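For reference, the chain that follows is the form predicted on its own, supplied as structure tokens.
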Amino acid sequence: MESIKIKLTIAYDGTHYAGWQTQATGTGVQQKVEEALRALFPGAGPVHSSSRTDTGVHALGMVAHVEIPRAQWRMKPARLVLAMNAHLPEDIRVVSASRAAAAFHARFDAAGKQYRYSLWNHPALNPLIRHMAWHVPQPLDFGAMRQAARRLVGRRDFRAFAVNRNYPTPCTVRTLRRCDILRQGPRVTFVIEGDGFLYRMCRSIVGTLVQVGKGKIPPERIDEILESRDRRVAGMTAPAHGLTLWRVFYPRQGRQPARLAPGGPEVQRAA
């Protein structure tokens, strides 16, 4: 059956979901998006995402694609945004929709991702952001944290910052393009951008940098942690609710990257 491919950008508050992916137990964001699509297009295929965020993690720029039978497609992409949002819960929204090339794949064509982690550094937590930021009441040494963050930028083996899974990861080398720490009063934002991320890598980086800020890990020890390739040597894993998938990057039109086989570096879940 002839179909068209639609690219979606999706935002969601992950507080009440068991991550992006459809789950055997619990509700995934993917399930809700697919239900909304099939209410409009009964023959719509599965939704393929750029990432598989973990339980409690949020997104502003999740990219996904879906194939819809051409015979059922009777609206413009702009209209699809309104139609899907009418069928979605209020904590999930389609931000944009557009036609995509037949060869486009939301996951395998991604050239990089940016995550942002929010932290509230004040004795009292702002209750309005309690579901979106990690509360760290102790004073932090931001100079030491930024010094440590700079040591993470570049092409590195991040095995020490990856949580073990039920199956081995073929390659744990990634390129981190940014690891910035922005501060506005008590609100602290970690901007972490790279070509791909290992399972819970961002949260492990943030947790380790916070322990640097508390004086528990010297900044220069980051090199030793990377060389160890041992998760037990690095710091804690920051809570999921502070993390947001901010943006997914794709090459310019006509410059597609080499696709990776399933299980390769670009298909690991980051949370």
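Only a predicted model underlies this, so the values are computations on that prediction, with no experimental measurement involved. Just count from 1 along the sequence shown to find any residue number.
One more form of this protein should be noted, the form predicted together with another copy of the chain, which is absent from this view; the next part is about it.
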Worksheet item: in the predicted bound form, does each residue in the set A149, E193 and I217 place a non-hydrogen atom within 4.5 angstroms of another copy of the chain?
Response: no
Fill in: Contact test in the predicted bound form: H58 vs another copy of the chain, heavy atoms, 4.5 Å
yes
Worksheet item: With the partner left out of view, is Q72 within 4.5 angstroms of another copy of the chain in the predicted bound form by any non-hydrogen atom?
Response: no
Fill in: 4.5 angstroms heavy atom contact with another copy of the chain in the predicted bound form for I129
yes
Worksheet item: Does at least one non-hydrogen atom of L140 fall within 4.5 angstroms of another copy of the chain in the predicted bound form?
Response: no
Discussion item. Within 4.5 Å, heavy atoms only, one stretch in 102-110, 170-178, 84-92, 194-202 touches another copy of the chain in the predicted bound form. Which?
Written reply: 84-92
Fill in: another copy of the chain: the contacting residue among H122, R155, R183, R79 in the predicted bound form [heavy atom, 4.5 Å]
H122
Worksheet entry | Residues of 1-19 having any heavy atom within 4.5 Å of another copy of the chain in the predicted bound form, listed in sequence order | A11, Y12, D13
